[in-house]
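Heads up, the chain below is alone and in the form predicted alone; it's given as structure tokens.
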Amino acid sequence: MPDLPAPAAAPDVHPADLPGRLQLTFLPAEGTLAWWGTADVAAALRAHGLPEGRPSSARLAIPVDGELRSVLVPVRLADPERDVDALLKLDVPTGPFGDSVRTWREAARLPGIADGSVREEVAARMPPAAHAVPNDDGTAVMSAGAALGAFARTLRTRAELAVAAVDAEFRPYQLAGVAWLRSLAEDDGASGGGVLADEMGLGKTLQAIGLLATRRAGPHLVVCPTSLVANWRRELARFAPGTPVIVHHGPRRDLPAAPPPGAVVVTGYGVLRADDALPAIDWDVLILDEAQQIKNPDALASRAAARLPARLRIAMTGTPVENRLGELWAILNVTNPGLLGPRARFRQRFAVPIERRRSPAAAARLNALVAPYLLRRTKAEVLADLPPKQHSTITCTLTAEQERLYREAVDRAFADGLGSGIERRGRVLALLTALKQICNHPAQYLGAHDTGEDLAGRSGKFDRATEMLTEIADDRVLVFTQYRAMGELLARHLSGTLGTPVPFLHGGLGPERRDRLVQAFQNDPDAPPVLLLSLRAAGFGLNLTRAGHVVHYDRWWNPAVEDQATDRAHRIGQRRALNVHTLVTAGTIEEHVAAMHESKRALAGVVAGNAEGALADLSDADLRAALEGRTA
């Protein structure tokens, strides 16, 4: 197959470049067939008596200006049940459209396609346009055999989900995700593994449940953060009511020595680190939810997960890399030991060239190596019907008190000297923390030494947040802060201002209390309209689609953490545009952090390194300029 130049941006295809007649192609990312080829696909489908399908777009390889190009094409996605059945009944016309339809119809009808026995024969008759999907790296067109294989796995998985009585309506890409998970250990019967890295909000839990419900060879183990144990139990009961569930958590846990085949044991990472019963069981499937928990290979959780015997190991995370590529190595070292080689070798071959030199060649080699074992879909690719996020940055000013405290903290730090090496990093981190607290509110920075009784009027950010929340009190709002002390100050003040107790979900609450707060916010019409959340305690695993607004009160160093928190509301089930408000204090370190965030997002998946370490490496003059929100 010819190499396809990967465009820097995804251009829309010009109607003149389309074939001008209907084409049918299988999209692995969606797990379904896509109609395309004309400027008005829906009209062409209606003319042939076919359902119009769901509007979307897909990257396809088509001739443009005399060469094969990978471009974004408008498509109509076939429903995996209704439209494929309609396709089987269609009176096929002659010509290229008919050839394409006949090939896919034959594939859908032939049971041998699932095991590959007729794949080569059918693929040989497939028109070129029928498999014009570039590979993940955009360099070549997927082979007809690969497309048919993915199509076959999806058809077979759909049938087995029905047999397993999974009570859920899978979207096409979720069906493809279950098929991909099942394929990781199907080829030769040996142990397998991989990472389901779909963007937050695309239903990774449901896909994992589809995998668990269709495998009955042995017991399964789900390891998740403590706050999600109840959610897993609830989701399993909802979508797979026939699957036995054993919650292995709390001080009185009692796990059978041999859980029945097909049963799902749900436990937390804290139990995993300390429990001797879990490694003594031969697990069929191991699910590691929110796998950021094992991103440090030296941590007890990572070592304990690596010791668990399992035929299929699946890590689930919307952020396989938060700060450093070493985190990806750590996760794949648990799911696919040896795939990326020794840690030191991985750092030499990939981490240093990509993180420090932004090497596209090293990034391409790494992508090619992990592609078969890492599945990543974004909402932009597979959820055309999900309302957009509308971002706004709210610039706030320092009060006189904040300005004085900020200037004193900076002057004192530079007068005392920041040192060098590890000492410098520690002092810079302490200074950054102090400055962010001053930007939040003097009362947070001063703590027990604060003598002010009234919180209003002392922080530009605090007052602006109060005004905003008062203005949008007729809708539901999530407010994230990284500091528990700040959350408690906001809760106290807002409860009085809004005239209703404003709850604060943080790491000090037990799982049941957290679950009650979430359920009330989602389902109780009389619940307070504002929910305060600790960024780390509530940044993953929760479904808060009732919110129409998200407010980031202060900034985390890594935009992936903030995005993950935002996506508690921007996920399947959200029916309105989500308004995301970020508060930034002008002329401070917060402006510099905002610029760093935009830079990291602009890297399009290339790791930007550690922000705090980058600041510590600056000269005193450049660092001071950054702290004052200016350029040196």
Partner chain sequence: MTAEFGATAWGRAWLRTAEPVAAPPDRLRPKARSLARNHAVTSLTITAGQVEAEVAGHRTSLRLPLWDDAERVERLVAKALDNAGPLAPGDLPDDLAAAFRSEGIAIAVPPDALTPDCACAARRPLCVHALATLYALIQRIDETPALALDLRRQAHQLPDPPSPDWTPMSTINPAHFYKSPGETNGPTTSARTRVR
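So that the term is clear: the rigid core is the largest set of C-alpha atoms that superpose within 1.5 Å between two forms. Model, not experiment: these values are computed from the prediction. Residue numbers count along the first chain shown, from 1.
Omitted here: the form predicted in complex with its partner chain. The next part is about that form.
Trainee: Any chance residue 40 has a heavy atom within 4.5 Å of its partner chain in the model of the complex?
Mentor: It does not: once its partner chain is placed as it appears in the model of the complex, residue 40 has no heavy atom within 4.5 Å of it.
Trainee: Closest heavy atom of residue 369 to its partner chain in the model of the complex, within 4.5 Å or not?
Mentor: Yes.
Trainee: Find out whether any non-hydrogen atom of residue 21 is located within 4.5 angstroms of its partner chain in the model of the complex, and reply yes or no.
Mentor: Residue 21: yes, in contact with its partner chain in the model of the complex.
Trainee: Please run the contact check for residue 226 against its partner chain in the model of the complex: heavy atoms, 4.5 angstroms, yes or no?
Mentor: Outside the cut-off, so no.
Trainee: Only one of these stretches, 195-203, 444-452, 395-403, 341-349, has heavy atoms within 4.5 Å of its partner chain in the model of the complex; which one is it?
Mentor: Every other range fails; the passing one is 341-349.
Trainee: Any chance 299, 303 and 617 all have a heavy atom within 4.5 Å of its partner chain in the model of the complex?
Mentor: Per the other structure, none of 299, 303 and 617 touch its partner chain.
Trainee: Please pick, from 407, 238, 358, 253, the one residue with any non-hydrogen atom lying within 4.5 angstroms of its partner chain in the model of the complex.
Mentor: Residue within 4.5 Å of the partner: 358.
Trainee: Counting non-hydrogen atoms within 4.5 angstroms of its partner chain in the model of the complex, say which of 550, 107, 129, 211 makes the cut.
Mentor: Residue within 4.5 Å of the partner: 129.
Trainee: Any chance the CA of residue 73 moves 2 angstroms or more between the shown form and the other one, core superposed?
Mentor: It does shift by 2 Å or more.
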